[in-house]
Structures are given as C-alpha cells and as structure tokens.
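Before any questions on binding or motion, here is one chain by itself as structure tokens, the form predicted alone.
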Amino acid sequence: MIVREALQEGCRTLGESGIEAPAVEAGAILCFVKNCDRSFIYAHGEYELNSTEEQMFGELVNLRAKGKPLQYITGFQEFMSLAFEVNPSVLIPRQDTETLVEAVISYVIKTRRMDECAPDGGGCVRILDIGTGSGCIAVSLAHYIKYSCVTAADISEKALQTAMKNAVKNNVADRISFLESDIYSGLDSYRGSFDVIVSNPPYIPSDQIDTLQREVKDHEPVNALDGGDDGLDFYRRIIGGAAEFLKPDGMLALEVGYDQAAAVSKLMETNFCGISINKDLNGIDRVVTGLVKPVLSLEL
C-alpha cells in the first residue's frame, strides 16, 4: 500500500466512525508510524509502506475509530508550545488550561522584579501544583518562570512518573520536586511557604461523567474528572486549606468548569480578596484567582 492509499483508507475508516477531522487524524497517525512530519507524507504520496508500517497504521486507525484518543495513540500532546508525554494514567492537557498557566505567569511578572527572583536577590518563586497529572502546569511554569521552585503533587504514582519524565524532557527537572499527596497531605512542612498554589482539579459532577465524549469517559482517568455530586468537592478542599500554605501575599489560581466560576469565587470569599475571573480563548469563564486576605492584628 502506498502513502496516498493509506491516507484515503484511514480517512474513510475514521470518517465512518464519527471522527470530526478524519483526514487530519489519519495523517497524524501515519506520521507517528513513519516518524516523519506531514510535509513528507504529502510530498511522497507514492511511497510504498512496508508490511510492518501498513499493519501498524491499520491497527492504530482502528483504535482511534473505537474512540481511543489520538494523544494516547501517539503518546504526545503540545501544551504552552512544549512537548508532553501522555498516557491513560494522566488527563490529556487542554488548551483551556493554558489560561491558568498564563494567569500565574502574569501574577509573577506584576508582583516581582526579576532581580528579586534571582538566586542572589531573595530566592525563587515557590509554586505548588495540586493534581499535577502529566505535569503540564508545573513544567510550563518552571520553563517560563526561570527562577521558580515548583512542588508538583498528585495522589497517583503513575501520574507522578509521567510528570517526572516530562520535567526531564523539557529540561526543568532540577527545579521541580514531586510529591505523592492527596491535596495537602504530606505538606505540613510547607505551611506558609508558597507564593502561588495552582490547580486544575477534577470538576465534572459525578452524574455527568457518562454524558462526556467517549474519548473522555472511556479512556481518560476518572479520578482526574470526577468532582463529586456538584463538581465542587476538590475546590472546597483546596480552598479550605490554601491560606495555611500560602505566604501573606500569595495567590490561589484554579481552573473551573464552564458554569462554576461564580460558585468557586463564592467559596474563596472567606479567606481571599481581589478575586477575579479570567476567560479562555472561547470567552468562557475558565480561571478564578484570589489573594490571601491579610491577617489583622488587634492592638490592645
């Protein structure tokens, strides 16, 4: 089978299974099989696939047709212009989450001069990423905030192993520490030490999991999706303890579901001020941030 025929067959199979962009995905799978870029397959339509390549392409197209996400097939997803390894133990990074990373970067830029963050000017920006998953948030922040020290926490050992690989892949492993933790468990020694706590927690209401796309509900880790009865369980836990682990001027930044910004903002009102909501590229309220309220001392 030649490249052009393989693409046509792959496109047909994926199209019949309901894949929205069958030509694009067939091309991506063939590029993965041949370890080449798209320019090669489009410029070499008459190239003859060997038997191994042909068999592998057919098998992977069939997996995609059955709903397995393309990212789990290729093992790759781009995020914040960086390359990340992904697998079924971690949530696939979404572009929406880049809004969360950008909000943290903006906060650091606005509140700290570069010389204050330099090794000889007061130490690093300390960031806690709760539920790090693939490490896309932690790694991106370490990459773009050069003088940062990131603690990446997750309850899943397999997720942490993936995040570690991504830290090495993106040359920031020396500035990220990884901790197996359920929210704040195991973090007692870090109380009052973070400039930023950031998280993209599970936020899908439990009764809505079955209504998600098959690629999500059947393949991505449920523990990274299920936010409890109203989708707010993890927000309550994260917000409830955040003030204890943040410095006095620290920021909490949370990604939220499309209709959760108001509810999460309300939860933050007790211990946080300056609460704001950032929209993603689709104009949806996606990120809620707040600053720890100052502790008022009473003089007698």
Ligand code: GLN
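Small disclaimer: the values here were computed from a predicted structure and weren't measured. Don't overthink the numbering: it's just position in the shown sequence, from 1.
Omitted here: the form predicted together with the named molecule. The next part is about that form.
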Quiz item: Does residue 191 reach the named molecule in the predicted complex if we count a contact as any heavy atom within 4.5 Å?
Solution: no
Quiz prompt | is_contact(residue 203, the named molecule) in the predicted complex, heavy atom dist at most 4.5 Å | solution = yes
Quiz item: residue 82: heavy atom within 4.5 Å of the named molecule in the predicted complex?
Solution: no
Quiz item: Is there a heavy atom of residue 214 no more than 4.5 Å from a heavy atom of the named molecule in the predicted complex?
Solution: no
Quiz item: Taking the named molecule in the predicted complex as the reference, which of 94, 219, 165, 158 has a non-hydrogen atom within 4.5 Å?
Solution: 94
Quiz item: Which one, 73, 173, 149, 224, lies within 4.5 Å of the named molecule in the predicted complex by heavy atoms?
Solution: 224
Exercise. Using a 4.5 Å heavy atom cut-off, indicate which stretch of 177 to 185, 103 to 111, 193 to 201, 134 to 142 touches the named molecule in the predicted complex.
Key: 193 to 201
Quiz item: For the stretch 244 to 282, which residues lie within 4.5 Å of the named molecule in the predicted complex by non-hydrogen atom distance?
Solution: 255
